[in-house]
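The chain that follows stands alone, in the form predicted on its own, written as structure tokens.
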Amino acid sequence: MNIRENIPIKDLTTMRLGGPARFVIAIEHAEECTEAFGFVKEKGLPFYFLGAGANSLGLDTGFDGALILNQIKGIEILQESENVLIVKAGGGEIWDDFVQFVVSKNFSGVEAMAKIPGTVGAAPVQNIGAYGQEAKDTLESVEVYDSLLDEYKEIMAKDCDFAYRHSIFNSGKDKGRYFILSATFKFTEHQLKQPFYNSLQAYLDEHHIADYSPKSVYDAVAEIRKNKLPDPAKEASAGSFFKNIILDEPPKNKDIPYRETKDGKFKVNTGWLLENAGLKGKTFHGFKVSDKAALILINESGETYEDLQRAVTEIQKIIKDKYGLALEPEPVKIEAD
């Protein structure tokens, strides 16, 4: 366990915003949790869990508590046969490294989530997803440290209350309670099933790709993301900034494209809304709506969270006025619950 003091949050998050965190505690082994949380409780500090910082936003005031970094590594095969692959990965493993490992075994289930920034531990929190695949589709269970009861436990996927970008880990009474030590996934398929999302199908058609193996789909998605999404190491960004909009019925405006979900909801492509509202490439208070993918907000010259909030408010108003729909940011603020 490593404890540091007064560390700028902007250095720990990909949007590169935020004042100092009073303490930053890095956990590399599960058994360190007892000592780490003992330190936090002894000092009466609020705490916040952080992985790669790709989906978290630092506030200008910083965080007068402890940021607890998940740096638990390791990928372990629990079961492998021709038809089944069960893998456990540490919460601090880089998500794309885990995806590549599964792809190398020729199993389908996460390949469409290629190159999503972040860690394995963050995947269940947000129930990350892309091109029709979501973390919940293959997740079996997570091992956690329960900060409330000071004990280690396993939570099965069925008990995680998964929905679009939703879980018990980021919503409700247990939000921020569980530190995810590892996640176990089960894979039984060898090929992503059609129909594919339009942008993925368009890429495959354009490049005359009829091979839908995990490696082929991974390579296609990686190339799509490379051409559309900024590299967080080079451009400050939190990835897809706005969530797609989930409706109980199709949008009243017949021009707005949507996709019916597995649970009978209707998902509106927020990127389409932003692009067709003429926002692509425009800059608000130092934050640019990417000219390659309108869902991406790039920090070109914004210096404060307040700058970001003003930009987001203006963008939300434009979409609300034009389409009557409310945009919701995907990244979360680093603050005490």
Ligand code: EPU
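Fair warning: this is a prediction, and the values are worked out from it, not measured in the lab. Numbers follow the displayed sequence, beginning with 1.
Omitted here: the form predicted in complex with the ligand. The next part is about that form.
For the marked spot (E5, K43 and G58), a heavy atom within 4.5 Å of the ligand in the predicted complex is absent from each of the three residues. Heavy atoms within 4.5 Å of the ligand in the predicted complex are found in one stretch of 130-138, 81-89, 99-107, 211-219, which is 130-138. In the predicted complex, G286 stays away from the ligand, with no heavy atom inside 4.5 Å.
Mapping the unseen interface onto this chain, K282 falls outside it, with no heavy atom inside 4.5 Å of the ligand in the predicted complex. Within 4.5 Å of some heavy atom of the ligand in the predicted complex lies at least one heavy atom of S199. Contact annotation: Y203 falls outside 4.5 Å of the ligand in the predicted complex, judged by heavy atom distances.
A single residue from the set H190, K265, H166, K228 has any heavy atom within 4.5 angstroms of the ligand in the predicted complex; that residue is K228. Contacts with the ligand in the predicted complex, taken as any heavy atom within 4.5 Å, map to no residue of 8-22.
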